[in-house]
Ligand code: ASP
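The data below hold one chain only, encoded as structure tokens and taken in the form predicted on its own.
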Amino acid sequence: MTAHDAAGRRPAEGGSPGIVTGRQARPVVVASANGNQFRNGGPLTCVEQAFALLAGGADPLDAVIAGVNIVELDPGDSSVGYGGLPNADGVVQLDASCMHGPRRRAAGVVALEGVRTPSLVARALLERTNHRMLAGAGAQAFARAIGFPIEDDLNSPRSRGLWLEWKRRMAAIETADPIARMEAGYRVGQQMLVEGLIDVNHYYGTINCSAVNARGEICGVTTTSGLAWKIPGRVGDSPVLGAGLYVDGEVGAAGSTGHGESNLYALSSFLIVEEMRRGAHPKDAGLEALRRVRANTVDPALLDAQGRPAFNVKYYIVNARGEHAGVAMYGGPQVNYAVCTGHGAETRPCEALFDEELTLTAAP
């Protein structure tokens, strides 16, 4: 096996081979809003980096992973990679998945500790093995074996400080029942959201990024630190193929951020791509997935006073022609998606199933 360097990069000659599809498209990179926000001290955002590589002839999967690496390494984004909000024990556990449309290959890593860039580990799993998913200690052992440095703690000062504040509030809750403590932990997290201690986009935070090059080749990646203060070992939708990410090289790609459990139940990314296969525009395909999530949300604890989902979920979608959309359950000025074309990078509002903003209220 070829070792990675300290940043997790492969030698240049190890790049993914291009596959010519004979189809022309408008090159585009589409991502969640944080894909056009964080730079980790450099000049480019995720979508700008990915598009620059795409325009230079890089394989689309290499391009989008290089893009999300910027966010994984930036402690300013507390929902991804280094500095991601940890689990209930204060441990940062990371999930990621990637899919290569032309090669029909995919892989994911789950509950990975000690590696800042889980997207690179997922790509290595895709390229070097026939496995589709590795979890926990096994994923870490694989990463170590192929040359990734393993760190003892991926908390930034900010993410550790927020966890300590959450722990301080949890100390006042007198119950040893694990289910009751889980529910109490969620209520405490919601209160911290209401108080503005946590960015509303980072509590369930994630980054998804997909790209189509001029030859119509489609690839995608999703990477996350998961739900803040989650039960250790909890896995949401991000690393699960068909849920947090799905790519069909002939049709398009979709990925998600937001309430992972609801999206996982619906396998919405797969649904969106299948809707596009039937001819739906990316926006219409995404709105259909949101309607499906709404219909499947029946737990009273997840419903607002009007019987609608009391959470947001967002999808980032692109088809094989380069048409794209961002859609969300609820709208508002903070509900956006990122896109980069030859005209540059933009942050655009998502189309919403419900136009109003999601109302954050402290849980009782």
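The first residue of the shown sequence is 1; numbering continues from there. Quick caveat, the model's predicted, so the values are computed rather than measured.
This next part talks about the form predicted together with this ligand, which is not shown.
message = So if I measure heavy atom distances to this ligand in the predicted bound form, which of the stretches 122 to 130, 155 to 163, 174 to 182, 200 to 208 falls within 4.5 Å?
response = Only one stretch passes the 4.5 Å heavy-atom test: 200 to 208.
Touches this ligand in the predicted bound form: residue 268 (any heavy atom, 4.5 Å) = It does not: once this ligand is placed as it appears in the predicted bound form, residue 268 has no heavy atom within 4.5 Å of it.
query = Wondering, does residue 237 line up within 4.5 Å of this ligand in the predicted bound form on heavy atoms?
reply = Judged by the heavy-atom cut-off of 4.5 Å, residue 237 is in contact with this ligand in the predicted bound form.
message = Please tell me whether any heavy atom belonging to residue 86 falls inside 4.5 Å of a heavy atom of this ligand, as the geometry stands in the predicted bound form.
response = No, residue 86 is distant from the partner.
message = With a cut-off of 4.5 Å between heavy atoms, is residue 227 one of the residues that contacts this ligand in the predicted bound form?
response = Output for residue 227 is yes: heavy atoms within 4.5 Å of this ligand.
inquiry  = Give me the residue from 81, 101, 282, 258 that has a heavy atom within 4.5 Å of this ligand in the predicted bound form.
reply    = Of the listed residues, the single hit is 258.
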